[in-house]
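This document starts with one chain, in the form predicted alone, laid out as structure tokens.
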Amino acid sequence: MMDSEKIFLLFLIVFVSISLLIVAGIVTSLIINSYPIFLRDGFSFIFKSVWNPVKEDYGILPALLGTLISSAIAISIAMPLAISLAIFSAEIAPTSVRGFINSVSDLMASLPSVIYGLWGLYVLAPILNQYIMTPLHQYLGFIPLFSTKPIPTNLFTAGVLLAIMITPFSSSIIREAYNAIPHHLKEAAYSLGMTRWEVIRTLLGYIKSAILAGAFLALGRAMGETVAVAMVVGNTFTLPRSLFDMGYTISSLIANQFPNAEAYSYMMPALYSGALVLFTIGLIINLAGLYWIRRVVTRG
């Protein structure tokens, strides 16, 4: 092996090792700093719905549920939007405007989250409250999901804002995978007499693994988003009864409580424990996503 190849290989090994060490360091730090709260309360800390710094009594169940609910809303809205945007950009839009559409999508992905938060608080939240949440509560309030009288800032608003934020990430992955499909496959589909819709549906099946990858990437972004969610979720530490309840997410809980944490004995370990739980959920979701993607690829 040439000296330049050896040097290149050495650099690869070094940088990969550094990346793994950083991840290991983060996990180790989370475990060490969260250990006191688990030592005192055990895993019941995860299932308690109280946050009382005066009594040093902490639990993260409302924040955990808020994270799961807002992320579920986000991914349910974002994936149809992402697939539609990707297909429109790659297949339907005129060539002259495709570059503009892709540039706008990429710009949306790069915007700071605080900008989304401000827009969500002062523009999106009132619109959702007036035209979507209030009518849903008025006509479908007998359904538990819509039973709470809505106010602009709540879990539903947070979920919709997250959907808007994560759509460009998924759309970019799906669009690139769709554009990478060999052109002869599309020609073969049209030669069989398929309509444009049938061709698109067939080609989407060809990139199922990319769609799943985009979904899991978007879900990870939604679960970890902090600033924008903290501005619109309501920041109320109660168990949610409907989609229109104010709530917390684990990320927003950490962001809001961290400035005061050092004044208490167990708040800092409680926040680290919340971060560890969030990391564990993300790890499980990503491992499940890799497993499903491999199954899709194996099945062809």
Partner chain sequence: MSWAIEVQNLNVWYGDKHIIKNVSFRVPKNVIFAIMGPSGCGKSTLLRAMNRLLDLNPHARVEGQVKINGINIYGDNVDVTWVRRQFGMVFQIPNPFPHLSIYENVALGPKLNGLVKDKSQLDELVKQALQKAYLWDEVKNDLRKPASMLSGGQQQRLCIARALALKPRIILMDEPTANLDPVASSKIEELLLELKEDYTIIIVTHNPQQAARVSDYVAFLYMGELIEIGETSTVFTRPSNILTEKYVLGRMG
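Residue numbers count along the first chain shown, from 1. Treat the numbers as computed from the prediction; the structure is a model and nothing was measured.
From this point on, the text means the form predicted in complex with its partner chain, which you will not see here.
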Exercise. Are all three residues I22, G25 and I32 in contact with its partner chain in the model of the complex, where contact means a non-hydrogen atom within 4.5 Å?
Worked result: no
Exercise. If you check in the model of the complex, is S76 within 4.5 Å of its partner chain, heavy atoms only?
Worked result: no
For this session: Tell me, yes or no, whether A189 is in contact with its partner chain in the model of the complex, where a contact means a heavy atom of each within 4.5 Å.
Result: yes
Exercise. Would Q130 sit within 4.5 Å of its partner chain in the model of the complex, counting heavy atoms only?
Worked result: no
Exercise. With a 4.5 Å heavy atom cut-off, would you call T195 a contact of its partner chain in the model of the complex?
Worked result: yes
Exercise. Which single stretch, out of 213-221, 109-117, 160-168, 179-187, brings residue heavy atoms within 4.5 Å of its partner chain in the model of the complex?
Worked result: 179-187
For this session: Sort through S147, S84, T134, T202 and report the residue having a heavy atom within 4.5 Å of its partner chain in the model of the complex.
Result: T202
